[in-house]
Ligand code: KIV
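There is one chain below, alone, in structure tokens, taken in the form predicted on its own.
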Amino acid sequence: MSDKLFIFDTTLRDGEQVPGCQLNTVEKIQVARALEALGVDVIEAGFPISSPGDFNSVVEISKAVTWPTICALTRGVQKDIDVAAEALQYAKHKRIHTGIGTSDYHIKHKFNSTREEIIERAVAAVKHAKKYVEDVEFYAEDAGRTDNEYLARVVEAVIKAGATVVNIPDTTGYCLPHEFGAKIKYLMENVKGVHNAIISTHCHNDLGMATANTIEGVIAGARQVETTINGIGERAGNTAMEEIAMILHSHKELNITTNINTKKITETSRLVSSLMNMPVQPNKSIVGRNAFAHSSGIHQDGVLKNRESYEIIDPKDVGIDENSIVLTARSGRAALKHRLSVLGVEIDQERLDKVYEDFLKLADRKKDINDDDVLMLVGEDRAAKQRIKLEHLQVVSGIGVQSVASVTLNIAGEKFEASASGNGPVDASIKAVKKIIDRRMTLKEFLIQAINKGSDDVGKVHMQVEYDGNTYFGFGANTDIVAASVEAYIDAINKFVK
């Protein structure tokens, strides 16, 4: 029988402490609902006493979600705990997360206290929280730098006082993985009554070891992990939820399961990145733009023959339709032939060899090769073959003026016109196109990239459009970014409108 690992998400508390990433209450509710759909067990909704905004967010999130436990953070101070209990009044399942620093750095320099007094304060905080809720989590701040023998005394005392979960944070990200695993193992073996509570990990990424430390903690017996979406958080961030979920998904031999619906990982990652205005680095594991992209010819050939040659995770398992074969000067014939086939062009080996030579020359001059480049290499002009073409686009936009767009499309030789207003020129233009192409389409991704930089530069737009359960990719390039956006949208539509 497999063990259950509880996922505690602190995106809305620790993650939101990143400068410039603050969310309003409406946005926090949006993220909380996404976390609920993802399958997170515990949502740390905020630090109620810190501000009226945080207090209100905990109240409203408590009302908005149903099955996850809603957790409110406090210091080991009675007033903090009182306010947290008030903020949690509407939660269906509520938890107070209270605690105090336990390392000598904190005891001596932060509290000017003693080890014995810290234990007394820890026990008092837990007992006070138990007056309000049954589910009380205690955190031993800076446990990573607390000696194991004293830490075990603290943990034993708070469990005896009624703590249902005990959090062992590597607050500064200092521990090495084997050290952190040994710390959890020591607690599991030396704390009387340890099995009356769940041991939790809360690791920071200051030295890039948050995920490794967390997994070592789980292997040693921790059954709750405290994480954030995309690994955001104080300083270098927290353990990334998506990494833990997919490590356990990939390593079935660990025999540990979670409630996470991994197919919602990518959409949740993008939501958090968008709302917090914090882009995910392209090479970020699991959710980075390049996580399933292959540009090396050897890798591309292997993946095209068998995905598992270079991918330990199926992209579909994290909500991505397919891997990405990126054409560059390092790509081989297999990748070029695959891209041509996707574009509906089949060529024999002799012609492929000739086209490949031209491809390499072009790839040496350009950073990456798009679909139009590939079609031009084989003498095809995709735009000329498309059934739907953009003939005219006029947009009125500006500060204090609602954007209005007029569009003329040529569909199989017949012209159609439409106008629409929208939230900005691109939104207005796409709405006008949708008036003509009357299909239930959803824009899933919209990426703008400058080719050379500069105000007169050509802008490239990549789009993903969902229709009838399938995703279609579109590309546009123009010195007018609005026109490029409409071209990309029409390009995607052309792939499913016949």
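For every residue, the number given is its place in the sequence shown, counted from 1. The shown structure was predicted, so the numbers you read here are calculated from the model rather than taken from an experiment.
The next section is about a form of this same protein that is not shown, the form predicted in complex with the ligand.
The ligand is not shown here, but in the predicted bound form it comes within 4.5 Å of a heavy atom of Asn167. For the chain shown alone, Thr171 is a contact residue for the ligand in the predicted bound form, at least one non-hydrogen atom being within 4.5 angstroms. Within 4.5 Å of any heavy atom of the ligand in the predicted bound form lies no heavy atom of Lys183.
Contact check for Glu141: a heavy atom falls within 4.5 Å of the ligand in the predicted bound form.
Note on the partner interface in the predicted bound form: the residue among Ile260, Leu73, Val218, Ile199 having a heavy atom within 4.5 angstroms of the ligand is Leu73. Annotated contact segment (heavy atom within 4.5 Å of the ligand in the predicted bound form): 6-14, selected among 472-480, 21-29, 486-494, 6-14.
Applying a 4.5 Å heavy atom cutoff to the ligand in the predicted bound form picks out His97 as the lone residue from 83-104.
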